[in-house]
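Below are two forms of the same protein chain, given as structure tokens: structure 1, then structure 2.
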Structure 1
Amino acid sequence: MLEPQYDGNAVEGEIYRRWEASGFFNPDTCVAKGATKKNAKPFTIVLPPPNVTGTLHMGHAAMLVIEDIMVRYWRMKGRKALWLPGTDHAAIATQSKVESLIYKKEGKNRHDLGREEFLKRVREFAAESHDTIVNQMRRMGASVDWSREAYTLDEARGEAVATAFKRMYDMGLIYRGARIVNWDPKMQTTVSDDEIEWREEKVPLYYLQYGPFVIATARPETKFGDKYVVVHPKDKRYAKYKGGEKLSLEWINGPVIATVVKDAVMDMDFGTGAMTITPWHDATDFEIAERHGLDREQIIDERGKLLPVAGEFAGMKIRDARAAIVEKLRQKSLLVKVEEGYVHRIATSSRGGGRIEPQIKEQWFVAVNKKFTLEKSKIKGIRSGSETTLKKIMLAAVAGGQIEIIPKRFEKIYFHWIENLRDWCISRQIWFGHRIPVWYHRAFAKVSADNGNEMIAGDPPAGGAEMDWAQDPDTLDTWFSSGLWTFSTLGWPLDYARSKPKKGSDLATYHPTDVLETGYDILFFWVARMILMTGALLGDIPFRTVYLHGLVRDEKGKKMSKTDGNVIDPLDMIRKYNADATRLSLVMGAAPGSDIKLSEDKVRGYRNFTTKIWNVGRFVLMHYTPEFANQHAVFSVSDKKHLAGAVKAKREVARFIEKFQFHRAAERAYHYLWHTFADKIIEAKKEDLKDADAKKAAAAYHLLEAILMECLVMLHPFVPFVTEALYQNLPAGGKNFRREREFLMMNPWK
């Protein structure tokens, strides 16, 4: 006898334990136990690995729900469905978190502890965070194959990272050079573009007299080394000045010889249309200097203080020095005017919180425009053995239709970003992460691959004293290891020989993966890099479809943050309402690529629906009698129409799922159960269930049981716990018994 009320917290843990113990999350077990045909087509998703920096938030929960819907559906459709889980070491984020905790508790930094002790503390923190995340995933009902769980910093991924670095270095795609990078003075490391938060700031805009020119700047503290003035070649205001012309003029700390540079990058409408450039501390200025072969001089050190070139201001923090510098410019009659309220964007580190100060530094880079030969290619538009570039590979994979981005509007954004892509800085000056697999001989003062003093991806040379060699102290950008995620988790490079995976291996069976589901906010930073790395190393695509979900915001549409106190914890919602209600709240109304508004009231509302499912199932099953088991059901014409309607609804749900319209699929199943099955069919059959004619009563029951089964199947991907709980209570035996498998999650979707 079913309980009168559905209590998710009382049954969800046990149901998940039984699912996991069955082994059916593993497609190999499904095949071995005959639940899936041996030659069935695979369906593969690799979980975007959550960072081991704490707990999952509602954005992660939305990701888990959408992916679980797909995997449960295709598993029931008979595919070899693999959902491969894992976590990301998230180097900068995790190190920053642990450093902050240690400093608050002990007043020490990583240098006080030393590299080994500090890394020990970080690993302990990451392990605790991992366990929390795994528990949350189980509570959400994620049917991942735990036997294949991976970690971006585990031994297998370490082997993959070292191999990838070595191969790409040998292909000429990885190089070491001096280029401008995002430098975080607070954490003392470079950071990637995706680890930057842009904030608007109102500041004064200073107009300064630079010889015959007036230039506008919001950062006078960077201008000490400026000796180039740039104008647009078509700007008539400066037509009398020739490119390369030298001018003697008075500047902040005395006279300088300035050179006129003409470049089309200049915005003639900004300020006066003329500007001086600081190639060492601005990306645009650096590129101008590169194009014209200009000198570059460092003005600000790595801790955000002015260098000796600033004269009397040397050693001052740049923001402290600004007012004093402006005053000196005023005294020298070089300050023309000040325009208040100028709005510009400043870059800050999203992890360390420091204000980004661009610097030119010797770093490791991936060259995106360098030509190389791709020996084996499965990418449309790129022939095997032909010359190409990483940028061309990234464009061709999507332009050729091999990778579909959903919603399609993001393809245009993707192409724009790739076309403007610069070389990728992959080195970080932190301790946590994959150490760069490069060794230098101590006898050489200058690093150079040409004179044999460096070794890539291996131990120090055989026969050489280990003490004569030192490994590069930097670590790799986290996105380097996560860029290998679709194939490093499937056995690469161990299951990869002669430019193709071994027959029967996970790599041969499950790659390319079918779907990469993630938030639209990391389309460029992760998705694009996965296409880059897979193209370079496998000559193939990493996935066939990219499904982008939106951000989860509060009920007013505001981004959730602890500071604003509007964060909704998925575990809190599960404890209060149940996992299925939480899942539904994240998919109903959530169109692809669109942000969704979430409130506790919304979750509470969907608890009412799980209660409705339970009540419908309980009503049907409470009318079962042993006599019905062997009673042949004779359906009337209207009964057959009702059953056909349920089958049609299930077919429509399937079509929506296969078109990645999960919100429409959930809504169709929701409305059918509540407004058609419960409100109309059950109400119409209540009297028949009480009829003295046993055949008529049996037919009514079997119709309701048959439609209930169709409802359980179509609802299971969305609300797996309550549907499984009801399925387990279906009566066994008899001609009309419809429970075909041990678990609803393995019941065929016909």
Structure 2
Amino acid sequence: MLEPQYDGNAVEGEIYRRWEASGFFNPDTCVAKGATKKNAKPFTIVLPPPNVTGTLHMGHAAMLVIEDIMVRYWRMKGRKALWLPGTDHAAIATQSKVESLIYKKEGKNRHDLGREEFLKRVREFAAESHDTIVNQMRRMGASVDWSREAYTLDEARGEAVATAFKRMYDMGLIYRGARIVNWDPKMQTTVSDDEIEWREEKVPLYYLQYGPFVIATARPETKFGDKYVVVHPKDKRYAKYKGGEKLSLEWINGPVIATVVKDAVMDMDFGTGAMTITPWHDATDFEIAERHGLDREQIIDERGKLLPVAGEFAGMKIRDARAAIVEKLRQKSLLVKVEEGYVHRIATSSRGGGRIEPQIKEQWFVAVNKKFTLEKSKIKGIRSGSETTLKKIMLAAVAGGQIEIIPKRFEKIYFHWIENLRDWCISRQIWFGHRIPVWYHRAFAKVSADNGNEMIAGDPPAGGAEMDWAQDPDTLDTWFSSGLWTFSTLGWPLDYARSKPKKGSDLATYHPTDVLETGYDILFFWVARMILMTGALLGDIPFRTVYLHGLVRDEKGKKMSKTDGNVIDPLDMIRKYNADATRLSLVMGAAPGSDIKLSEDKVRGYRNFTTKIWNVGRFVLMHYTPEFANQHAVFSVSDKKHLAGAVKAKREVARFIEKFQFHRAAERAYHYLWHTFADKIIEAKKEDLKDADAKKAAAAYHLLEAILMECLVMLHPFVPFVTEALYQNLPAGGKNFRREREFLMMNPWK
């Protein structure tokens, strides 16, 4: 006899072990064992690889649950279901985490340790995180195919990255150039536009006399070298100054020759409508300089200190220099007025936390607006062999309806983002990551991207004078390797001779993938870049549907964070309640794209539901007697109605799953089991079960058993453990034997 209380923790580990050992998580094994048809349609999800920066949080748990629901459902539906797991090295995030750990413990920075030793430490940390994460995934019940597990920084992915880099370089899509980048003086690396977090700060706005102009600035400490004054071409106040006109005037460190520039970016209503520019340290200024072919000069060095151009202020940290500079301006009567409380937005690195100082640097870029020829295209609206751009590919894939984003409103956001997209800076000055596959020859002091003799991209130089070649010291943005994830995990490029993958290969079978399920917060970071990379390299889409889930917040709607102490740990919830309850709490009430509010009460509530499922099953099993085994069940009209009702509920659950309405699917199943099956049907049949008439009792029993089976099937994707545990207890033998398969997991969803 089963215990009335279902103890998930006592059975989940063993159930998972048996599932895993059976090999059924691997679609090839399903086919080999005859559980899935050989020619079955595939269903593929590649897991968004969690960062190896520690442990899984509720957001990961939500992701695992939603994906597991889909994969379990489609597997039961007979599809060749592949859910491919992996982890992400998360370059900057991991490196910065390890750096701070080492600094706290040993007071050393990465340069003290050296590249090799430091990388060894990062790798150790990453390996440890990996093990933790993988165990957590098992605890959640994720039915991933471990035999295909990948890591964004392993050998196969390295091969993919190098190949991708080389190809895109040859296509003219990757170039090296001096461009303004977001420089993080703290981490000593560039940071992409999307990795920036903006903070508002109230600062004084200084009005400075610049010859006949008055200019407004929040950053007087960058103004030393300014020799261009910009106004709007239509600004009547400055109509008497012609573009290109030179003026001699007194400035911070003495007289300068200033040139008037007219550009329409100017906002005539802001300040005085005139400003000077510092192209080396400001993106807007850089663009103005580009447009008009102006000189640029570096004012601030990579550590955030002023360069000799600052005269007496050279060597000072910019932050400390401001007051002194303002004082000097005042003494020279160049300070017209100060407006307090001006709200200024400052950029910080979302990964490293440092304050961004834009710099012009030699970096590697992916050109998003450059025309190139796409040899083979399966993307709607872009013909094979036609000229296109990466931006157009990204737009076409979604605009043509080939990729559907759920919920739909994110498509607009996506388009808007693409329109504003600029060339993607892919090089990082950190050590942990894919080293840029470019070698420079010693004999050429100056590296030029235009001349193939001076550099090799993509392949290490062949033998011989190896000593003469030095590899680029930088590494690639982590999203470069993540962008390849849907196909680098499926055998590309080894499997990708010419333009067509080998028949029967993973790539041919499982790509494009069916669903990419992730949080809406990385729509741009990742989803857009996968579309870009897959378009450029395969001429195809990476996935057909993008399902975006919301952020998991605390019960008050606040973001969970360690500093606020409101973090709910998925493992805690599993230990305290069980895995199924934790899973349900992340699905129920969670509409696509909207944030999920989670509280421990909610988990407890669904733990109660798992107990209910257990007791429903227990009740049915309790009334089983061996005589029933061969008893033919005669169902009355109302019995048939009940059974049809269960089938109907199951069909509705299926429809909701297929429409990506997991919250509604779960609710439907929940409600059917509890309020129809348990409250109505079982209650009504209790009398019959006690009846002395064996036939009547058998019919009642078989009805309940039949409905229980339907319930277990429709609930399984949501609560796989408790349903599997019950299934394993169902009676075997006799013609009413309903346990058709070794596992409920492989039971067909008819």
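Computed from a predicted model, the values in this text were never measured in an experiment. Between two forms, the rigid core is the largest collection of C-alphas that superpose within 1.5 Å. When a residue number appears, read it as a position in the sequence of structure 1, where counting begins at 1.
K.L.:
Choose between structure 1 and structure 2: indicate the form predicted in complex with the RNA.
P.N.:
Between the two, the form predicted in complex with the RNA is shown as structure 2, not structure 1.
K.L.:
Once both forms sit on the same rigid core, is the C-alpha displacement of residue 431 at or above 2 Å between structure 1 and structure 2?
P.N.:
No, the C-alpha position differs by under 2 Å between structure 1 and structure 2.
K.L.:
Superpose on the rigid core, then tell me if the C-alpha of residue 627 is displaced by 2 angstroms or more between structure 1 and structure 2.
P.N.:
Not so; residue 627 is displaced by less than 2 Å.
K.L.:
State yes or no: after fitting on the rigid core, is the Cα displacement of residue 177 between structure 1 and structure 2 at least 2 Å?
P.N.:
No, residue 177 moves less than 2 Å.
K.L.:
After superposing on the rigid core, what is the C-alpha displacement of residue 222 between structure 1 and structure 2, in Å?
P.N.:
Its C-alpha moves by 2.5 Å once the cores are overlaid.
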